[in-house]
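Only one chain is given next, in structure tokens, and it is the form predicted on its own.
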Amino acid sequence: MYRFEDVRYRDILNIDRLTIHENLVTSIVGPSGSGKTTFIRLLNKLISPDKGEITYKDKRLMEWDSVELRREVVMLPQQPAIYSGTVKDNLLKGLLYSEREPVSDEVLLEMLESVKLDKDLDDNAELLSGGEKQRLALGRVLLMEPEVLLLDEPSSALDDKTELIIIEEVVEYTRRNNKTLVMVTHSNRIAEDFSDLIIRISPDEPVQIREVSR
């Protein structure tokens, strides 16, 4: 699905060759400041490499229309945007952006249950806690049903128990729907337990790629 050839980004990333396959769960791990977030930002053209070529579905990334690409490859940052309005308004924002039809309140409530967010649809989204906002944004992204889901520390604001539940839900969604998940995680345990492929990024060292036996 993704191929990197001689990709360089400033003094942060230096990747000779790398392939990310579709319909798999790939974790990006490494110390703080090693370039993990930079790596996934390259995948939907939020930034562009200084050198080299990245292809997605055998098409050079720079040839993709940015809006079209980001409707198919959706990124959830570590501190996602929460819009003024209700929980329902925020859930529907992603569908509006991706030009998909709105869904029923029943579907929205099922999504809230999936991401373990015990809130009413008419609750004020801006009054949610940090962890609740993170789960709301994740629900918004999952409703878009992207081909590729990019998550940057998707559970950083959650306690350990909730973190495990949310990661399990996202991974199950990915496998059930034959989607592709690429996530940055601080947790080696989560990477080992849920990933098909682990990419380790470290300063001044080549990128290491390892398949996880299941």
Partner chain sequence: MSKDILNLQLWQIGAAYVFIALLLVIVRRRGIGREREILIASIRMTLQLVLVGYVLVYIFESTNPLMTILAVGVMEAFAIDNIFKRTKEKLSGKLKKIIAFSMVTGTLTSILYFLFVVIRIYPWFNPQYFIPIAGMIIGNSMTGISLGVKGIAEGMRNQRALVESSLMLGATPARASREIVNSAFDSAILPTINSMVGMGIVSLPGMMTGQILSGTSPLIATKYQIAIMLGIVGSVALSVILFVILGYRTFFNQEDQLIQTDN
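Numbering follows the first chain given and starts at 1. Quick caveat: nothing in here was measured; it's all calculated off a predicted structure.
There is also a form predicted in complex with the partner chain; it is not shown, and the following applies to it.
Proximity to the partner chain in the predicted bound form, taken as a non-hydrogen atom within 4.5 angstroms, holds for one residue of R175, K57, H186, R41, which is R41. Listed residues L121, V103, M144, L128 were compared with the partner chain in the predicted bound form; M144 is the one with a heavy atom within 4.5 Å. Stretch-level contact check against the partner chain in the predicted bound form with heavy atoms at 4.5 Å: of 63 to 71, 176 to 184, 24 to 32, 162 to 170, the positive one is 63 to 71. Shown here without its partner, the chain carries R10, L46 and Y97, all of which come within 4.5 Å of the partner chain in the predicted bound form through at least one heavy atom. Within this chain, R140 lines the site of the partner chain in the predicted bound form, having a heavy atom no more than 4.5 Å away.
In the predicted bound form, the partner chain sits within 4.5 Å of a heavy atom of A81. Taking the partner from elsewhere, P77 is found to have a heavy atom lying within 4.5 Å of the partner chain in the predicted bound form.
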